[in-house]
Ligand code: SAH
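So this first bit is one chain, no partners, the form predicted alone, shown in structure tokens.
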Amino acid sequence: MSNPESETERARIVEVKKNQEYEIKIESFGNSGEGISHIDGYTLFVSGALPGEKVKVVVTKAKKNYGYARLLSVIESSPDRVEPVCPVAKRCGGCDLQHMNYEAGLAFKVKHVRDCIERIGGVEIPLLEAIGCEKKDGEYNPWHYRNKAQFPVGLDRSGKPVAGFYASRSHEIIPCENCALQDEKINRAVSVVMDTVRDAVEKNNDKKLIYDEITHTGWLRHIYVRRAVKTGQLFICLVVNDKNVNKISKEKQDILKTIINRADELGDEVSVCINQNTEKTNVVLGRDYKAIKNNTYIEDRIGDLTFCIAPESFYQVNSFMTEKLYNKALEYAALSGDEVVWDLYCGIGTISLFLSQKARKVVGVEIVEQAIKNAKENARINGIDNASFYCGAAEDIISEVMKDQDKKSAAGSDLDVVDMPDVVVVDPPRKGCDEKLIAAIGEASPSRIVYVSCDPATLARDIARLREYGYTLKKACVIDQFWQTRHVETVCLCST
């Protein structure tokens, strides 16, 4: 029989040092899709390794009780392992699961959601569904689905202009103009821009056309592209370090003219604009835009609705799965036509307007001013008059609504039930809902809460908070919006 104390002591004296190589057996997955192994109680995280595999690794970072290792070779392979399609998948920070077959990747996400809700949320899921990529001709095709891309631009070590993606946990640009996840028209648009810029740099011998984030000098910082899958519209935005885009040099004007002329190669309706970002920041987009061809927005459709999408507005990146996501939210909302719905973190009003077709009234709240402008315009475009939108932090807007209700009640007037929710929908960023917002929702006492989440951990935390206000998790559905990555969308129904 083993002695726990001696095992604990042995784990304490294990010395795992940086740059040491080991042959280890991968036991399980971590939350980010990395493999986990133990060396005499010392935990090692290995990106790109799968459970059940025997691998050779080198330690890259060694803490007291855990460390990180780089995969050198696979000695015994998992049956779930596949060869990544993208040649830079191992170096790029975007595709965590390209080395795993699609079914195994979806199963990992479902397990991750379940584990978070049960461990952090402290509840079991009565029903957990999963909706993933559909098969075509008997095969999964989880590629070229992203309708938005942000390509940082820089100079490589030889001084040549490159565009691509940042390596994991760094700002080193991994050159990649043909991303396997991006819409193929987006890849072509980036190549058009970069071919034009490279020609200009060579012709003018001017490397200052390319931004240097260390010295905060140079011109072109990012190439930002959006594609509307249903309408075919394409939006190309050059993010530049330029204080006056109305008065730019001839060589930059020539770049823009060439891009405009070559935009027709891409087909469909193409818009090109400049975005000014002169701040020393990691934020991609600045505040000011200048259209140089067509518009500073695109239009796309979800179901029967048309949406106007500004560059900074949130819009789901997987157009193929978005309608499935919204249909699941609509199913969980269980609207009969008499309900008032609050849609918090409403963005450009996509979920709001989707639900308005089945609700008596929808109230959308969003902190981004431009998104609210888009939401109101989207309601107008679609002829929807039972949706209203307010700009501000959701927790503050709801608190004001509750105060107004208290004033009306104290004055002896009838409560304005039109403004009080029967159903609340929340679709927050990764950090989840503000604690004040959870309290405000609890005070408003809707009969159903539909929670759309892109982070299982903060979702689980908020489910636990909602329990304090009498809400119980009834069911949940994993929606695989982010093929080939560890990220996952989840829709939950909570009710009293």
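Computed from a prediction, not measured in an experiment: that's the story for all the values here. In case it trips you up, residue 1 is the first one in the sequence shown, and so on.
Just so it is clear, the following notes concern the form predicted together with this ligand, a form of the same protein that is not shown.
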Quick check for you: of 426-434, 53-61, 66-74, 32-40, which stretch puts a non-hydrogen atom within 4.5 Å of this ligand in the predicted bound form? 426-434
Ok, 275, 182, 374, 350: which has a heavy atom sitting within 4.5 Å of this ligand in the predicted bound form? 350
Of 229, 155, 367, 130, which one comes within 4.5 Å of this ligand in the predicted bound form, counting heavy atoms only? 367
Residue 395 within 4.5 Å of this ligand in the predicted bound form, heavy atoms: yes
Is there a non-hydrogen atom of residue 316 within 4.5 angstroms of a non-hydrogen atom of this ligand in the predicted bound form? yes
Taking any heavy atom pair closer than or equal to 4.5 Å as contact, tell me whether residue 346 reaches this ligand in the predicted bound form. yes
Hey, in the predicted bound form, is residue 143 touching this ligand, heavy atoms inside 4.5 Å? no
